[in-house]
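Only one chain is given next, in structure tokens, and it is the form predicted alone.
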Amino acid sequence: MVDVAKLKEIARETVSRDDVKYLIGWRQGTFGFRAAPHFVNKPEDVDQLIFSPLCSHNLATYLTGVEKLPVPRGQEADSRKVALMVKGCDSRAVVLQLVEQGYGRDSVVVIGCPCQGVVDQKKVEAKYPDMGENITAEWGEKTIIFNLPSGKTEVPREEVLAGKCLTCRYPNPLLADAGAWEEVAVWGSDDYADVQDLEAGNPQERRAFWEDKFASCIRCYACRNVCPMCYCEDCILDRLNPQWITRAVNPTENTAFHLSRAFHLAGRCIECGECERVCPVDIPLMKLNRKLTKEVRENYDYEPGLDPEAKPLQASYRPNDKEDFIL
């Protein structure tokens, strides 16, 4: 588990370094069961940092969005490092961004935070509705402890954890320069039951399932914008010349949009579940992403975000790769 006091001490030391621009972590939100990203550039702001079951955001998304504005004449670019707090799934995003050369290893300081699971906001808000006050939470022994206005209450963690945490294989950071932690046990199990349930249906049933889900899409692009692996400066989904996908909101274009994203993430999705968390119409996007993750894992024995020295899937050809599934 994470020693929050030691975590703050490490954060304070990191922010005080001359070669660090700022640190990105989490702080308590202003409403209900929420935390918020926290940008720290002064040692005194470290006291607001938290690490709790409310810290669901994958902060690696911000690393590829670090300011890249033109430097005014006579000034030099700020080449200082950015420090980042990461959970296990977040660290996989950092590893894969490094593999894809989204930035250099010498431009980031990674602070590891082993995770025992983060809550699903929709589950806890349904369980405790109309909770307008600030709620804090902590991990208990196989429970999540909420500090409600009426007092502390313990809930079995399976009841309120995000779906990604129930299948998490890597709760401990896979890459870290510093950490205030002892490793936590891998307690989730991943037999891809969620994917297999859908695979069991016939093609017509699967098509009907996704047509129903995609019909509700409002094309807000929240899933793309929050994804740590969707950082292309020139996104094909935005192109107007040539226009591959129109911006019309209808089942055909919505399907094309989501399938394009899913295949772009094949062998790249690190299963952080951010796309599904932010979807305002509750499309089960991780079912789609995890289907491709399952295929890549079974057919190529490849999992993204585990080794910063590895090659991307598309560049990791091996003569003994299976071919019996290729049409």
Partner chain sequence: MSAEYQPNIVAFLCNWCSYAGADLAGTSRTNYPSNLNVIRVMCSGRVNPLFVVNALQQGADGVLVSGCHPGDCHYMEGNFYARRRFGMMKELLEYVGVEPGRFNMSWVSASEGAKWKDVVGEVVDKAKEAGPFKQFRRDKINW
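Residue numbers count along the first chain shown, from 1. Computed from a predicted model, the values in this text were never measured in an experiment.
Not on display, but discussed next: the form predicted together with its partner chain.
Undergrad: Every residue in 39, 91 and 111 with a non-hydrogen atom within 4.5 Å of its partner chain in the model of the complex?
TA: No, the candidate spot makes no contact with its partner chain.
Undergrad: Mind telling me which stretch in 262 to 270, 49 to 57, 275 to 283, 29 to 37 gets its heavy atoms within 4.5 Å of its partner chain in the model of the complex?
TA: Careful reading of the contacts points to 262 to 270.
Undergrad: Work out which of 148, 220, 215, 236 lies within 4.5 Å of its partner chain in the model of the complex, going by heavy atoms.
TA: Result of the distance check: 236.
Undergrad: Among 206, 169, 80, 127, which has at least one heavy atom within 4.5 Å of its partner chain in the model of the complex?
TA: Of the candidates 206, 169, 80, 127, 206 is the one lying within 4.5 Å of its partner chain in the model of the complex.
Undergrad: When the contact criterion is heavy atoms within 4.5 Å, does residue 256 count as touching its partner chain in the model of the complex?
TA: Because a heavy atom of residue 256 falls inside 4.5 Å of its partner chain in the model of the complex, the answer is yes.
Undergrad: How about residue 189: is it within 4.5 Å of its partner chain in the model of the complex, going by heavy atoms?
TA: Residue 189: no contact with its partner chain in the model of the complex.
Undergrad: Any of the heavy atoms of residue 210 lying within 4.5 Å of its partner chain in the model of the complex?
TA: Yes, residue 210 lies within 4.5 Å of its partner chain in the model of the complex.
Undergrad: I'd like to know whether residue 198 contacts its partner chain in the model of the complex, with contact meaning heavy atoms within 4.5 angstroms.
TA: Flag for residue 198 set to yes.
Undergrad: Given a 4.5 Å distance limit between heavy atoms, list every residue of 235 to 249 close to its partner chain in the model of the complex, or none if there are none.
TA: Read in sequence order, the residues that approach its partner chain (within 4.5 Å, in the model of the complex) are 236, 244, 245, 246, 248.
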